[in-house]
Ligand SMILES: Cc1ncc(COP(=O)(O)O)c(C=O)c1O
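Before any questions on how it binds or moves, here is one chain, the form predicted alone, in C-alpha cells.
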Amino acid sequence: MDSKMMHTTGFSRRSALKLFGVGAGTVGLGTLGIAPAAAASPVAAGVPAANDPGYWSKVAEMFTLDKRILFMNIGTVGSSPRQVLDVVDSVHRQVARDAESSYSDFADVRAVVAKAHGVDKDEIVITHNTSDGMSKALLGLNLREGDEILTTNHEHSGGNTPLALVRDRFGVVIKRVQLPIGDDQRAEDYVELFRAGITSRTKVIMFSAPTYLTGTMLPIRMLAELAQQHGITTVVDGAHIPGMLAYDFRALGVDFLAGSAAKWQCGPAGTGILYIRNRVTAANPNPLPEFWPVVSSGYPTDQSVDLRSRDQSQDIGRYLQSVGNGSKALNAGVQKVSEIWDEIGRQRIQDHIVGLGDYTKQLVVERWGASALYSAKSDARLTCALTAFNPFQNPADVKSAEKSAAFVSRLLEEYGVEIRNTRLAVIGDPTLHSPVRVSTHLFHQREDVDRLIDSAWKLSKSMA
C-alpha cells in the first residue's frame, strides 16, 4: 500500500544514483545460508550478540541497496535480500524452462508464513499486496443497507476504496473517527474515540495500525476487545506489520488483518499477507463472521457450502488462495524471506527497528521540539518504526504541500537521504498538513538516524 507519493519532481533516482543498484557488493550472511559471491570476502563465522552493532552490519550485507543513498522509505517499498532475489529468479527460470503451471493453494508457503505469525495455514492467504487483502476482506463480508462501518479519517486508499464499494453497492454507512496527532495521547484514548462512535448498527470496525500518515500504532488488541464486546467484526489494515512487528495474529483477537509482504518483510514486489480468523479461541471467543471468498477457483462446486455459520472445518485460506495459475516464483520468495526473518528473530528485528524509531523521535524533539512530532512517542503501545514530523523552522510551512515536496526532493538530491511525506487532516485546522515520514529498518543503525536528523536540520535552516 502506501502508494500516494506526495513528492513529484523531475529528479530521477535512476539517472542520479540508481537507488537499487547492484554495485554495492555481494557479501552474504553465512549464518543464514547465503553463500558469498566468489569475489566477496566471507563474513566471520558465528552470529554476534543481538546488541552488537556488528551483527546488524552483517545483516545489512544481505541487501543490494546502493550504499550511496540512505534509504529510509521502507514504509513505501522494501528491498529484498539477495537470497530472495536469487530464489525468485531461479524459480522464474525453472518455470519458463519447463513450461510449468501452478494451479496450487501454496499450502507449504502458507504454512511457513502462518507459523511465523502464530496462526494456521488455513487462516493465511498470500495476496498481491495490502490493498488486495483489504478488498478481499471487506467485499467478502455479508453487509446490508443501513449497516455501519466505523473507521478513521487517516485511512489509506487501499482501505477507503473497498469501503466506497460497499457503500455504493450495498448502501453501507461509513462513519469516521477523527484521529489526533502528536504525543498527547494514550492507548486508552483511542479506545474511547471508537467506543463513542459505536451504534446499534455498527457491524465492522476497520482501522490502520499503524496509520501510514503519522506512524501512530493504534492499540489493536484493545480495539479488538472493544469490538468483541459489541459483537462487531474487526478488519485491520496492517500494511506495516509483517516484518516490522513480532505480532501473534491470533493473540490480537481480530477477525481480519491485511499486510504487505514486500515492505518491511522485504519479500518480492506484488506480494501481501491476509489473515482470516478461522478459530474460536480465548483471544476472540465470538462466532466466526460470515465471509464469502469473492475471487476463487478453490471454492467447492460439486457441493453446497454454508459459510453463514462458518467453522474451522472450512479451509477458508485455500478457498481464497486457489485462483487459477499462480506465481510459483513470487510465493517461493515469500517463503524464503519469511524463513530468513524467522532465523534472524522477529522479536530481535522489532526491538532493533522500533528502538531506532524511538531514537529518531527523541532526536526530532531535541532539534525541533515536541510539537513537531505527528507520531506518538511516550506511550510505547502507540509507537513503531515509522516517524512523522514537521521539519520546518517555520511550523506553518508544513501546510504547504509544495514546500514539503521540495524538502523531500532536496534531502535526496543534496544529502543522499530518501524519505517521503504524507498529507493528512488535523483536528481543528481546515488546512491539510504535509509532514515528512521516516522508516527505520534492520539495515539501519544509530549513525544512520544521526545522518538523517543532521541532514534534515541543515536543510530546514537553508529553507527557512
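Numbering starts at 1 and runs along the sequence shown. In this text, all values refer to a predicted model and were calculated from it rather than measured experimentally.
Omitted here: the form predicted in complex with the named molecule. The next part is about that form.
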Legend entry - 4.5 angstroms heavy atom contact with the named molecule in the predicted complex for residue 263: yes
Inset, instruction - Verify the contact flag for residue 239: yes if a non-hydrogen atom of it lies within 4.5 Å of a non-hydrogen atom of the named molecule in the predicted complex, no if not. - result: yes
Legend entry - Contact flag, residue 215 vs the named molecule in the predicted complex, heavy atom cut 4.5 Å: no
Legend entry - Close approach of residue 208 to the named molecule in the predicted complex, 4.5 Å, heavy atom: yes
Inset, instruction - Go through 151, 129, 390, 338 and name the one with a heavy atom inside 4.5 Å of the named molecule in the predicted complex. - result: 129
Inset, instruction - Could you check which residue among 250, 328, 346, 156 gets a heavy atom within 4.5 Å of the named molecule in the predicted complex? - result: 156
Inset, instruction - Select, from the options 231-239, 96-104, 328-336, 289-297, the stretch whose residues sit within 4.5 angstroms of the named molecule in the predicted complex by heavy atom distance. - result: 231-239
